[in-house]
Ligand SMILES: NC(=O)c1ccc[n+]([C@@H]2O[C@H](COP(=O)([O-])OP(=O)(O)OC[C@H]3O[C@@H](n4cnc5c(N)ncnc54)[C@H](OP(=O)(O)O)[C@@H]3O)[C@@H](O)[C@H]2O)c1
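Here you get one chain, nothing else, as structure tokens; it is the form predicted alone.
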Amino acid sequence: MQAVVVHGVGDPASIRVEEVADAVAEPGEVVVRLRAAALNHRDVYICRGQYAGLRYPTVLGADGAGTVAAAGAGVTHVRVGDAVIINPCLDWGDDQRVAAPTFRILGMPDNGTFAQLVTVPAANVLPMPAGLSIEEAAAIPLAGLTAYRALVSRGALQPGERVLIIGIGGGVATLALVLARGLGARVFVTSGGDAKLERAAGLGAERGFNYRTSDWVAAIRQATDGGPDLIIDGVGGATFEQALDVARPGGRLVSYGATTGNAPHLTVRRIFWKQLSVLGTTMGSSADFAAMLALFEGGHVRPVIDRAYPLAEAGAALARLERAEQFGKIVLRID
């Protein structure tokens, strides 16, 4: 089969498709014949050597959708030919609050979805939601699971609440926007580019704020009558301090990442004086994944596709992601 293999630290744009041994199904596993896969920042980080537990060579890719090509012994809930979507969260465990020590994400160390075939535990494949294209289905798993758990399982979002999504444009942020709107929230967003703010408005964002050209903290406080009820942040860095500043008293802040690093300064009194709940989240449980998928059933809520590339152009796709040029998910089409 063909696959995108990373053999060591290097430039993501330089990776190539190569021939590798076909995936096989052991007992309790299935092989999925992939028709589409989607990129995540972790794919870039793995190429750059900036991810924990690096192991090479590895086939990149956490997200994918396709059909069951083979099923190992003991697999009964899916059959060959079924259209499925892959839950990339492996070995979460039984505790809904936190992942087990064996938790990992598909696509390193386990071979991932940038390939024609992939082997996964049978429990990690679910029926593909009706009403979505194959590219839309592939775009959902990692970012959709992260966004859902941040909004619902950790953020306890309620209809009518004001949600601020920091750094609109990335996969998790755009899926958080469409999910929050689907759940009846009022959504506000920030970005460093007006074009992305305009795209967000087209998806239902009530207001957008350019953090490069405006005093966005003051503007959001005014627009939300004292601050958002819930803030979703994957940026970290100095923005995390500003997020604590903009939050309304009694509000919640959920952090799912830190693309700009750690906060250089943190005013702790903002947390206790404003009675804030500061919550962390990473990926999510199987129950989270099933509940998230249900929101996409019928195509009433849809992920945003930035651009689709053939598998052979995975390097160009990763380069676009690394340059932060995307709005939504970048997808690979797989023959």
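Numbering starts at 1 and follows the sequence shown. Computed from a predicted model, the values in this text were never measured in an experiment.
Just so you know, the form predicted in complex with the named molecule exists too; it's not on screen, but the next bit is about it.
Option from 250-258, 93-101, 156-164, 123-131 whose residues, in the predicted bound form, bring a heavy atom within 4.5 Å of the named molecule:
Stretch with heavy atoms near the partner: 250-258.
Within a 4.5 Å heavy atom cut-off, is residue 239 in contact with the named molecule in the predicted bound form?
Residue 239: contacts the named molecule in the predicted bound form.
With heavy atoms only and a cut-off of 4.5 Å, decide whether residue 17 touches the named molecule in the predicted bound form.
The answer is no: residue 17 has no heavy atom within 4.5 Å of the named molecule.
Quick one: does residue 324 come within 4.5 Å of the named molecule in the predicted bound form, counting heavy atoms only?
Because a heavy atom of residue 324 falls inside 4.5 Å of the named molecule in the predicted bound form, the answer is yes.
At the 4.5 Å heavy atom threshold, is residue 190 in contact with the named molecule in the predicted bound form?
Residue 190 belongs to the contact set for the named molecule.
Quick one: in the predicted bound form, does every one of 199, 208 and 224 get a heavy atom within 4.5 Å of the named molecule?
Checking in the predicted bound form: none of 199, 208 and 224 is within 4.5 Å of the named molecule.
Which residue, 235, 244, 78, 152, has a heavy atom that falls within 4.5 Å of the named molecule in the predicted bound form?
Result of the distance check: 235.
Just to be sure I understand the contacts: of 185, 118, 142, 106, which is the one whose heavy atoms reach within 4.5 angstroms of the named molecule in the predicted bound form?
That would be 142.
Quick one: which residues from 297-317 get a non-hydrogen atom within 4.5 Å of the named molecule in the predicted bound form?
None of them.
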